[in-house]
Ligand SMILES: Cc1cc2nc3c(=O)[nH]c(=O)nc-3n(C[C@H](O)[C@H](O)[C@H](O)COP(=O)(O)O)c2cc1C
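Given as structure tokens, the chain that follows is alone and in the form predicted alone.
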Amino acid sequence: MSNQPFAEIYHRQTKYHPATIGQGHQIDWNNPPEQFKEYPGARRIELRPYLPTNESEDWGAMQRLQDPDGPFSLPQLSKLLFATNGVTAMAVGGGQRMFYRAAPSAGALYPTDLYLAIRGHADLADGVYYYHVREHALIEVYPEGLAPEGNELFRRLAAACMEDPGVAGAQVALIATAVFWRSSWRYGERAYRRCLLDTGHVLGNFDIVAPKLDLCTFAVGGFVDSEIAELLATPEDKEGVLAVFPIYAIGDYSDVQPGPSARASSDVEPTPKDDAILSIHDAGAIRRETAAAATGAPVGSDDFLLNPKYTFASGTKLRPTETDVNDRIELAILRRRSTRVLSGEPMTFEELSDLLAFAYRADLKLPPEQQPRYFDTTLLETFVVVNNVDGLEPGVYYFAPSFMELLNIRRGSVKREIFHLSLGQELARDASVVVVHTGDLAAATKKYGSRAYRYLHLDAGHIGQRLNVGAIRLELGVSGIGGFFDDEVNALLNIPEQELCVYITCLGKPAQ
């Protein structure tokens, strides 16, 4: 067995290269994946009646049912789930209906599924519920009479989450999974990256919308995978659990004492399976027999760091305006669509400043209970490729969020290079700005084992979604890119092989 973390092996074997980009995986067009799970005969709770009739309605002021046992009324849950991952548009083509959602997904394949664990609710029985996106309904996972009693359900959930007291004290928890085949059908072995990024998009929406409904949450990435899967009754060879988010009323936040957001996987990497996606997910799993050693970073240590190798680069301070990007941001989620064509026209420096401030340092304007909840952003670094921004020289910049500063590390236009490494996608060439998330995989796996691969991509997807909805709020164009020539990205940024490109987001003016 190799001493090298399997995350490094998986990342290397799923790189795109110019000479082999069209080879390997073949799409089985006769066997497309289903985007929705069905539970025949299961009881369902309709959430559609509680949606606003149009987007101009104030979601927060909408009349709510009063729950005597807590603030999680059906109208609140309806709006929370809809703006997190609901169907916000539909198109018909080739005799089929396409359901577009609040969060973007590579190839519109939507691998992410959501579940709610609930107890002590006035209108819902204790148990586990699957959120059926197309129907906008909650489906009981367990047949009547077989669901664990509420306190037992949360005792088991907390035990699986390393006895996290924040989980143990919750009445409601959201659990995110990924159905691997939905993405691997098209993207082959590289699909695990897409599943993680797409789930990060969904969690980004969730994190933005919850405070709008007087709710708050925190991230739990350390859990015994098989025990959560057992609670959800999901098959581990098809669907992987990725995150647990306990939900509280904002007024109860001060009493919450969560454990570390992220924890390490087993220090013994399992033997790789024939399926690369199952291998990387299994390699990052925490097992009951090694759970006691699954250490995590201290609570409150999560922040963006400045890489000391760029401290002597010339810096440009961002200048955020008084624009409150968070104001009515939930409506931007409902309007969000990935921009197909960018015009190449310049963004203003103020637009870039406002957008990066919202995406990375929302705590400048929001109280602590409404700040973004990540797993460990110290694993991520950000580069900003400037193609066309008024008042900012074209080139490559290192972004230091803690100081809200852009450090110039390469002068001059790199449009040709960014176009090539993004698989010839015009979006990268015509963007005003291209944001590139990277991470030191060797350092990350030293901290968290192969489970670090999850945290890197989930957090990058989360930040990418904040960029998405922030751009829509500012009437800009935006689109994420998860397919790129990995080694060419490293060459452009002048970073070593051990550092990986995680995600790319293109920003600019939409073409008319």
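The structure presented is a predicted model; accordingly, all values stated were derived computationally and were not measured. Throughout, we count residues from 1 along the sequence that is shown.
The same protein also exists as the form predicted in complex with this ligand; that form is not shown, yet it is the one meant from here on.
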- Output flag, F218, P258 and Y455 jointly within 4.5 Å of this ligand in the predicted bound form, heavy atom basis: no
- Item | Selected contact from K273, R134, R337, R155, since only one has a non-hydrogen atom within 4.5 angstroms of this ligand in the predicted bound form | R337
- Answer key, this ligand contact in the predicted bound form at 4.5 Å (heavy atoms) among F419, Y100, W181, F245: the residue is Y100
- Determine which one of 277-285, 321-329, 338-346, 401-409 lies within 4.5 Å of this ligand in the predicted bound form, judging by heavy atom distances; exactly one does. 338-346
- Item | Touches this ligand in the predicted bound form: P104 (any heavy atom, 4.5 Å) | yes
- Message: I'd like to know whether Y10 contacts this ligand in the predicted bound form, with contact meaning heavy atoms within 4.5 angstroms.
- Response: no
- Message: I'd like to know if A108 sits close to this ligand in the predicted bound form, meaning any non-hydrogen atom pair within 4.5 angstroms.
- Response: yes
- Do T445 and this ligand share at least one heavy atom pair within 4.5 Å in the predicted bound form? no
- Residues in 344-359 that come within 4.5 Å of this ligand in the predicted bound form by at least one heavy atom, in order, are none
